[in-house]
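The form predicted alone is given below as one chain in structure tokens.
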């Protein structure tokens, strides 16, 4: 049995907020997304991803470099990044 950390839940909540109002079926995405799902594999485009990262920065009060966006392709990657930054 795996447990979902509060940081993972927060990251996913921010993702859903950033996609709300778009053309995504959030319920379908929620059922498909795992900590290892790549954002591009579930159909997110680059503008959605940038908006998501901006919201993450606001929520966790951190500054992310644009170069980091390309390597942060999963919830797990972001969670590790936030832990390294001391934000999680």
Partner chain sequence: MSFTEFLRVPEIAQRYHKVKQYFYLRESAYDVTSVCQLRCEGCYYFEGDKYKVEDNRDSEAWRAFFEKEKARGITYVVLAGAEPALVPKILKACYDVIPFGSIASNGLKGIDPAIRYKIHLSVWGDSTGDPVYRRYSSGKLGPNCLPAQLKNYKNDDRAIFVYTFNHENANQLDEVLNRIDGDGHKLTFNVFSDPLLNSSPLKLRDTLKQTREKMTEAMEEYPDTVIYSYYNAEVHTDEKSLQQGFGCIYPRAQQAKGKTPIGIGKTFRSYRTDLTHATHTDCCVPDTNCADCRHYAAGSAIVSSRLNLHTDSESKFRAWLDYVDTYLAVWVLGYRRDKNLYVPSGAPAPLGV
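Bear in mind that the values here come from a model prediction, so they are computed numbers and not experimental data. Numbering follows the first chain given and starts at 1.
Absent from the display: the form predicted in complex with its partner chain. The rest refers to it.
Within 4.5 Å of any heavy atom of its partner chain in the model of the complex lies no heavy atom of residue 13. Within this chain, residue 36 is remote from the site of its partner chain in the model of the complex, having no heavy atom within 4.5 Å. In the model of the complex, its partner chain stays beyond 4.5 Å of every heavy atom belonging to residue 26. Heavy atoms of residue 62 never reach within 4.5 Å of its partner chain in the model of the complex, leaving it off the interface. By the 4.5 Å heavy atom rule, the three marked residues 40, 44 and 54 all count as contacting its partner chain in the model of the complex. For the partner-free chain shown, 47, 48, 50, 51, 54, 55, 58, 66, 69, 70 of 47-85 come within 4.5 angstroms of its partner chain in the model of the complex, judged by any non-hydrogen atom.
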